[in-house]
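This document opens with one chain alone, in structure tokens, the form predicted alone.
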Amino acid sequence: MAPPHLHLAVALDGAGWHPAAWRRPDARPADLFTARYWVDLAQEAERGLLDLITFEDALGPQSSRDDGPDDRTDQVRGRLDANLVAARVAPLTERVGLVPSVVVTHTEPFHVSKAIATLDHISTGRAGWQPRVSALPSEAAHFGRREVQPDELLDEAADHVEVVRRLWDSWEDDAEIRDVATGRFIDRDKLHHVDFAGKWFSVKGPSITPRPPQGQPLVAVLATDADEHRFAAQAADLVFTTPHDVEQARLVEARIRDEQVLAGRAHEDVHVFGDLVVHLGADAASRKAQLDELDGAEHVPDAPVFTGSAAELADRLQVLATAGLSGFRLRPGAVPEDLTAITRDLVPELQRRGLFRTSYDTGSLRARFGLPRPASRYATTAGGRP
């Protein structure tokens, strides 16, 4: 029996995940805040048939510290808004999924709901999002509306995702009539108040944006510890994890499945990906060492770091997948060289082994992951849950 195909995602952030990547000869630091730069990267990912791209975002500048901004001037600082970048990329790509990060701690679920729904409409069913929390006082100070309680952030994020999902359902699929003859554009009976009342939000609805093409755009969560695994099992369709070996991957995957049962989602498909920072090519180790030297320290991210050839990476992915992972999100150490090594070397190697598809399907991003398009929970027909 042929082995199952792996899913592959790529995480884009600045000039790459290594802080000194912008100093590589083929980096484009002058273009980092241009639309053309991001379109070029997304089109390269699509040429490689990748499942989806994630775009990083935050409410404060990048930092080498965990507790707030630093004073470094030798690393990239500043970003474009991830959702707006995805919206710019959408009409210039056709198949690759677009998954921006959104910080939910200081943003309103109503705004997030219509932003991601809009991205799903303009990308014709290729949108997702990655909810993230912010515990930093320096980021809370941008808003000045409250003090953040770090131990409550994931519970608040779970409520945020739930409200976003309900707002997507607040328009039934056939709420738009568009009947010129009768002069009726909307069937008002098919727009619903969500009436969510929780500790952090009281949201009435309905949304002002029609139900997204996917019904429920993909929710992806980066989960690196037990609390985040619980949140991901409650809220996500796709979980990014950071196991360093097969045994750890098995433990994480099992923990997420246990939490999924406790969350009442045992019957739902939730995909678990492994994250790796990758430096690819025959000279990968020396390039990584040069970047570390430029930055003044070894780069030690939250995810494992891989250096080696595309064939060696394919070997590692093949082994890690035996732990139950359905795919991987690769973080290019330096762009464009490590991104093109993924699309032009790794993908053909996986295809040669029968582990990756050779063309795109024509369905939505949810369909690519085998996830059904759910009926609106408010619909009184077609499987809704009034």
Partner chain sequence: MTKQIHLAAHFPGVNNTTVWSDPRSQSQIAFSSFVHLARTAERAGFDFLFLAEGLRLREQGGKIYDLDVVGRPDTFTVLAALAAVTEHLGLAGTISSTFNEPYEVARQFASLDHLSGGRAAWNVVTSWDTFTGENFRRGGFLPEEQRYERAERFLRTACELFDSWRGDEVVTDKETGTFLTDPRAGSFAHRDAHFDISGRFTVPRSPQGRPVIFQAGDSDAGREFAASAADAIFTRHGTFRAGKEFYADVKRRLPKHGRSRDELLVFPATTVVLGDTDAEAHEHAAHIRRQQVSGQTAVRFLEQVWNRDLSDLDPDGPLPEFDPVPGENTIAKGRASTRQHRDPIAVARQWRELAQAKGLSVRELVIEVTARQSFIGTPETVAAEMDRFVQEDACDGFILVPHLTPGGLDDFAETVVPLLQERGVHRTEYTGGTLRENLGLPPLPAPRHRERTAS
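Residue numbers count along the first chain shown, from 1. Keep in mind the model is a prediction, meaning the values are calculated, not measured.
Quick note: we don't show the form predicted in complex with its partner chain, though the next part is all about it.
- The putative spot formed by 70, 145 and 156 is fully lined by its partner chain in the model of the complex; each residue has a non-hydrogen atom within 4.5 angstroms of it.
- A residue is said to contact a partner when one of its heavy atoms sits within 4.5 Å of a partner heavy atom; residue 263 fails this definition for its partner chain in the model of the complex, lying far away.
- Taking the partner from elsewhere, residue 186 is found to have a heavy atom lying within 4.5 Å of its partner chain in the model of the complex.
- Taking the partner from elsewhere, residue 141 is found to have a heavy atom lying within 4.5 Å of its partner chain in the model of the complex.
- Residue contact check for residue 293: none of its heavy atoms lie within 4.5 Å of its partner chain in the model of the complex.
- Among the residues 317, 350, 27, 341, the one placing a heavy atom within 4.5 Å of its partner chain in the model of the complex is 27.
- Scanning 136, 76, 272, 219 against its partner chain in the model of the complex with a 4.5 Å heavy atom cut-off leaves one residue, 76.
- Listed stretches are 81-89, 219-227, 278-286, 240-248; the contact stretch with its partner chain in the model of the complex is 81-89, by a heavy atom cutoff of 4.5 Å.
- Taking its partner chain as it sits in the model of the complex, the stretch 167-181 comes within 4.5 angstroms of it through a non-hydrogen atom at 171, 176, 178, 179, 180.
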